[in-house]
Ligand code: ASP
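Below, in structure tokens: the form predicted on its own, a single chain.
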């Protein structure tokens, strides 16, 4: 059987970092990363496209990465993208929307420790990502610490431990056991044929609601160009309805044409605006439920939806639609 042809695209991050007078900085090239892995059962090509700490990965970089993947996808069986961990879940979610129905696996990975450190997790994560790129069905994934997740379900939950990422509200796509890479078949949404769509609206905001939050701040953001807002509400997605009335503010914003997406501050399980009065009132005002999406997916999906020129009603319908596995209930 012919060996799989895989491509490693590098963007920097901890995995490629070295010690400097100012702290860790990404300087290691992709060929040097690959050399640390020894013999692999694949034919691997390497292309360095960025050399950034992932704190500096922003929408412009998302577009560049998506365009590079699109340009290369016809030449390989799978693509691995090395990336810093801090914003990797955002990148994985955004690529999921930009590259819907892509016809090969794209697997993001990184590490908590640079690859040139003896006890680094980098080599193991890279080997896992290559195995995922060679064996997973088409889609966007994140590989870390012996598990592979859907990109749009991945969240960084730890700052230093090697099990830094978890798949929220969805099972891992695959995991490493003594039997090797064990895939778990997950239902895949059926969508339109693949078409790269990288146009996004970056002027949105993510707000974590807390007791005493002044809803007038939302209007101040809109006056300064904010086009959409994701609000992490309490529990199932509840918002304040007395004194500092977030629900009334939500309705006013919706009538101004500003989509307001309501999700939960809780990491696991769904938001449900139908259960409590403070949720139902928000729904009546037009709040858009994020269902069981991660905050990273809600933010990137809203950016992407606004970039497609959708209005509030269309965005509300889109958020109830499972495009890439980001929402199931």
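Positions refer to the first chain, counted from 1. Owing to the predicted nature of the structure, the values given are computational and were not obtained by experimental measurement.
As for the form predicted in complex with aspartic acid, it is not shown, yet the points below apply to it.
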Proximity of residue 139 to aspartic acid in the model of the complex, heavy atoms at 4.5 Å: no
Should residue 316 be classed as touching aspartic acid in the model of the complex when contacts are defined as heavy atoms within 4.5 Å? no
With a 4.5 Å heavy atom cut-off, would you call residue 238 a contact of aspartic acid in the model of the complex? no
Taking aspartic acid as it sits in the model of the complex, is residue 53 in contact with it (heavy atom to heavy atom, 4.5 Å or less)? yes
Listed range touching aspartic acid, judged in the model of the complex by heavy atoms within 4.5 Å, from 221 to 229, 246 to 254, 82 to 90, 169 to 177: 82 to 90
In the model of the complex, which of the listed residues (198, 112, 100, 145) lies with a heavy atom within 4.5 Å of aspartic acid? 112
What residues, if any, in 1 to 30 have a non-hydrogen atom within 4.5 angstroms of aspartic acid in the model of the complex? 13, 14
